[in-house]
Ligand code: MSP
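In structure tokens, the next block holds one chain alone, the form predicted on its own.
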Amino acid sequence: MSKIYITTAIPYVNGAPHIGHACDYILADVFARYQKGKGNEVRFQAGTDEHGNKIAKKAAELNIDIESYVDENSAKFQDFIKKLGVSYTDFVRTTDENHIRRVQEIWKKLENHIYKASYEGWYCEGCERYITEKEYEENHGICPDHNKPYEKLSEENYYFRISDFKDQIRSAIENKTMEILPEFRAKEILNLLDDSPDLSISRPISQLKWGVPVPGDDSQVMYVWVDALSNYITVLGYPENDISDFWPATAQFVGKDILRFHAIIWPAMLLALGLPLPKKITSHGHVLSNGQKMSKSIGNVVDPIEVLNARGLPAFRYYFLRHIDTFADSDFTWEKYDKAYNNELANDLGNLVQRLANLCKKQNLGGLDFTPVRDSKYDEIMDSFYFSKAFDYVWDKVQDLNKEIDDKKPWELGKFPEKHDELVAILENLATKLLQVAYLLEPFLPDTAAKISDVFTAEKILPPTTPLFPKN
């Protein structure tokens, strides 16, 4: 048995959960369930990022004290994760006392690579980071992600020498001791690495009050990303506890827009702390809406709660794990969503379960004593983290089963009593194959897999009283 540690990026609590957060959580959940299915011990982290100017400003706009605001919004994310059927083992809030204390200890351990200097340049509050002159010129002075002009700042801050670790980070990426997936994202990070400046890791308290105080300097507050990235190890009890049972992380799941923080800043921090780098950093793409990036200004933002409520959790997980490519930008439309539900979930799988269970019931068959078997091809795809392809692989088996039933026509054999034994053998073989499909589906659609298993392993095989996926 191996010990597996899986992390998800912790979202800012200055807004409601969005589709990108859902992708982080359900991708990590698939991997966690897959590893548990292999008998491994899994720790699975989630959390909320609760410091920074964006949060302070939002609370002020709403005329709510900050502590109440972050409490309320952190609870919303925890409820959202639960709605997605995701089971984490560890939840961290960056306002937790233990986290704050541990982050300050981490700062002290980084001090050999920290210096103080004045800075004048461009800053994006939405990204919570400084912008290079090259980026400023390429983006014509406006952040492409937040559609707001960059601010010109002049202040004295503490800096972390990223330059001390560039060679080691480059080597780790190239040698895949820290593998970045997909591979083309690794190439993007290598291109960014050379131009990555030393990192400003604090803000004057005159500019930022809501954050973790810098140890030994009450005039400065930690840069929010230093605070946030540290959560992956503070939640394990670092630095006072030995975390080697679960660190380095087996897999860290992040969106492509924050990959640079996780693939450059975070490794530099770990190297400075003398800790090993994560084994895999898996970066997913964006979910588009009708072919366009989701934007409040355009008015095409898809609310994940609305999607969940429309068809239920299995439909949500099905679409966003199979029809949203694990690594590339993919499109969501309500038309595609309904088509996937009716033509694939309801027809391919739901109808398969219903008609096979009915055929078994007519022959008065008892439930099967089923033992799942590992599928080497499935494991190979899952181990590559290309979950949408693994889902396709399982769905091919669903369609193959439908074809096999159509080809063998067991309902025809039922007309001939002398062929009863042959019919029973065919139905038991089909049911065994469907139970194996349910076993492979479990990381993706756990509730559906459990229902299929219940039907075909019960004392008597009976069709579900209501269809698994009622068609509209």
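These figures come from a predicted structure and were not determined experimentally. The first residue of the shown sequence is 1; numbering continues from there.
Below, we refer to the form predicted together with this ligand, which is not included among the displayed structures.
In the predicted complex, every residue of the candidate spot (Ile10, Leu229 and Ile258) has a heavy atom lying within 4.5 Å of this ligand.
This ligand in the predicted complex is approached by Cys23, whose closest heavy atom lies within 4.5 angstroms of it. Although the partner is absent here, His262 is a contact residue: one of its heavy atoms lies within 4.5 angstroms of this ligand in the predicted complex. Of the heavy atoms in Trp225, some are within 4.5 Å of this ligand in the predicted complex. Though the partner is left out of this view, Lys451 does not reach within 4.5 Å of this ligand in the predicted complex, counting heavy atoms only. Residues with any non-hydrogen atom within 4.5 angstroms of this ligand in the predicted complex fall in just one of 186 to 194, 280 to 288, 78 to 86, 366 to 374: 280 to 288. Note on the partner interface in the predicted complex: the residue among Leu401, Leu270, Val254, Ile173 having a heavy atom within 4.5 angstroms of this ligand is Val254.
With the partner omitted here, the residue from Met294, Leu153, Ile381, Ala310 that has a non-hydrogen atom within 4.5 angstroms of this ligand in the predicted complex is Met294. With contact defined as any non-hydrogen atom lying within 4.5 angstroms of this ligand in the predicted complex, the stretch 153 to 170 contains no contacting residue.
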